[in-house]
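To begin, one chain is listed below as structure tokens, in the form predicted alone.
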């Protein structure tokens, strides 16, 4: 079992990811795909007159402030355009993919966090009306039902709160929770860089290996959204996932290359 998470930043080649995924699936590999959609969500939100607002927590993590209107735009893009675009690509390649959000069947479930702490101009503020959370439970039964019937699950945030409210969750950490719950042999985190870089954006500074026990100590090299990827990797290996690979989704055969050792391998 391999869990593949492909990000939503600029430069990602979804055609290449889907073509590689289709080849591996047709060769008999068990796979689940999780995807993002951040760049397209930002573009649509701007066009709709409700631009994205990002907040930085006191611990240095950046996330989207998700009020109700933002959540609805997020669902339009992640569950609609991005999810169905990927499912369509896979269907055209002969893969019977099923696209679902974490809200469907409570695939991803967690606690709703109504407020978030944000650092603004050196001061910590509490912002209320947030629709975010962290995945704490995974409905593996539904995923295994789909896999057992020959369908490839294509999953995306949001998740469901315990009260059934849609909540925005980090896709990398959701993928990590999924990989742990499915006892995956590997989790791939594919984005628009070749892996974790010691001196971002210098691609020649790629860190090739990270010992599993030391992954959190590499957070200092992670910029912006890469911090959540490193955190997700730490959670995955701590939960028993065999290895985590940070790979490049910009061209070629991104999944096969990562499985072959390209990128940053956490083991």
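It should be emphasised that the depicted structure is a prediction, and the values quoted were computed from it without experimental measurement. Positions refer to the first chain, counted from 1.
Same protein, other form: the form predicted in complex with a small molecule, not shown, and the subject of what follows.
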| query | finding |
| --- | --- |
| Interface membership of residue 134, the small molecule in the predicted complex, 4.5 Å heavy atom rule | no |
| The small molecule contact in the predicted complex: residue 197, any heavy atom under 4.5 Å | yes |
| Non-hydrogen atom contact residue 172 with the small molecule in the predicted complex at 4.5 angstroms | yes |
| Contact test in the predicted complex: residue 192 vs the small molecule, heavy atoms, 4.5 Å | yes |
| Partner-facing stretch of 226 to 234, 208 to 216, 42 to 50, 64 to 72, counted where any non-hydrogen atom is within 4.5 angstroms of the small molecule in the predicted complex | 226 to 234 |
